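Quick heads-up: it's one chain on its own, the form predicted on its own, in structure tokens.
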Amino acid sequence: MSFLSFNFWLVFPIIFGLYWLIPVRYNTLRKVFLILVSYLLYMNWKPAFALVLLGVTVITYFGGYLLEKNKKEGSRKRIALFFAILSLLPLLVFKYYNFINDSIHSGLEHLGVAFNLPGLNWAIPVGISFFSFQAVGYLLDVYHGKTSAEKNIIDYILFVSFFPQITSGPISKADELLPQIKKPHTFDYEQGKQGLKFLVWGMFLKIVIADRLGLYVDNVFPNYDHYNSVACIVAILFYTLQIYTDFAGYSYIAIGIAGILGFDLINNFNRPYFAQSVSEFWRRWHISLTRWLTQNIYIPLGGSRCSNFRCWFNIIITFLVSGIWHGANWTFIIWGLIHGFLLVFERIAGLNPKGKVSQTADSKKYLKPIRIFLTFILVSVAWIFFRMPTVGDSLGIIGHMFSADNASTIAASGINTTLIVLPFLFVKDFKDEFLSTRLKFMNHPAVHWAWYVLLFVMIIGIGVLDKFIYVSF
């Protein structure tokens, strides 16, 4: 069930009340209650897909158990590989079967060979990429000795299915979430208040900004050849902001709901558009996925502890996997490769992960906004491939950006209100990035209350409801 649906906010107070009414000494009952809630909410999308969630959970649970029981390295490697592939099989079938089938058919057709397997018309289980990676991440952590195999099946089921994060993350590690699941919680007013703040800010980002930006983007992108170059450029910049406020909005809502229930989830975003390089961008954007890819793809390939050429190869492969994870389309693959090659270029150019060319250059403060601006532009152009349905359309709108035609004007749905609410995002992120220790009056309770009341009024007054972008992944 979507966090944006009226039904969810109708039942969540009941979930909240019943959860905290269960006495602390009955912690197992609390966990069973959360499992039932998580599965019932997930089944609201399509009941049969709960079997996929349960299957991935059971496979990785027994895989972890066998890994801990077996001490022979050769056997452990085979067990880890077998159960990792088995748990990823639903993801591969549901999400990538048609893409692989169509790509093979298209390639053979160019060679004059007529061969095609039947396609699948199944919908993709919601959040399958997220809960599959979380479960496989646990399995690989057990294999590498980073965590012990979970013996309590109830705790592990809740770890994989915890409803605030199941559809769009963040992707939690076992050593972060499982100890919280095992620990009996008493209601913490400060934690609950902080959770409500995350919740309101996330709803504001999603409903007031992201969905309003979407009104313009969804008007221009599919019909870019009917708009002039200025309108296309604005649409590209708006989509860059839309996908950030949409995905960060979901993450903050998830963090907020979890916080109200006594759980701390990893913050997935750290003001990524203030990054001074693409490598720093990925340390700030979708942090839990970046961490997963680093630990389970990049480092096992050799990481940076190898020759320069091999390190560059490892980066490219890691971002190729990132592109494939995001979607079964050549556009996502190209998007991932663009980021991979940009990171390789930064390595060759001598940029360190924080985006500093040298100590001397870093001392020249005027270079910082230039690096931020250039990184923002590069990321924005890459997002085109993420958004457009085909590579041809992606190249088409890029070419149209530089056209001199006089097609329809920039006017499109919702732009006036959008320009009014965007400064709230910029002011908040700019203050947190550069002025958090200077504007001490902003920490006054009266200022906090005024800020969040204003956000809530705008959510109610001018919010627009649409689905979360990352639910599709």
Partner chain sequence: MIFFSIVAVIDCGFGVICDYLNSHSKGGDTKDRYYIAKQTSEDLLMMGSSRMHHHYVTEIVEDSLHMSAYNCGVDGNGIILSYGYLLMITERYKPKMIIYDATGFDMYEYDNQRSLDLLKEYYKEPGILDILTSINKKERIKLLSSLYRYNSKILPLLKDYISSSSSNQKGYAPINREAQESPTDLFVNNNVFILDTLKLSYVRKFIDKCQENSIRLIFCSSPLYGKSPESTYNDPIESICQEKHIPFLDFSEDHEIIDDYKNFSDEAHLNGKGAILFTNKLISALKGF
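Residue numbers count along the first chain shown, from 1. Not measured: the values here are computed from a predicted model.
Unshown form predicted together with the partner chain; subsequent notes refer to it.
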Practice problem: Please name which of the stretches 416-424, 64-72, 29-37, 42-50 has residues with heavy atoms lying within 4.5 Å of the partner chain in the predicted complex. | Solution: 416-424
Quiz prompt | Exercise: residue 22 in contact with the partner chain in the predicted complex, heavy atom 4.5 Å | solution = no
Quiz item: Could you tell me if residue 339 has a non-hydrogen atom within 4.5 Å of the partner chain in the predicted complex?
Solution: no
Quiz item: Is residue 14 one of the residues lying within 4.5 Å of the partner chain in the predicted complex, judged by heavy atom distances?
Solution: no
Self-check item: Touches the partner chain in the predicted complex: residue 206 (any heavy atom, 4.5 Å)
Solution: no
Quiz item: If you look in the predicted complex, which residues in 202-229 sit within 4.5 Å of the partner chain (heavy atoms)?
Solution: 212
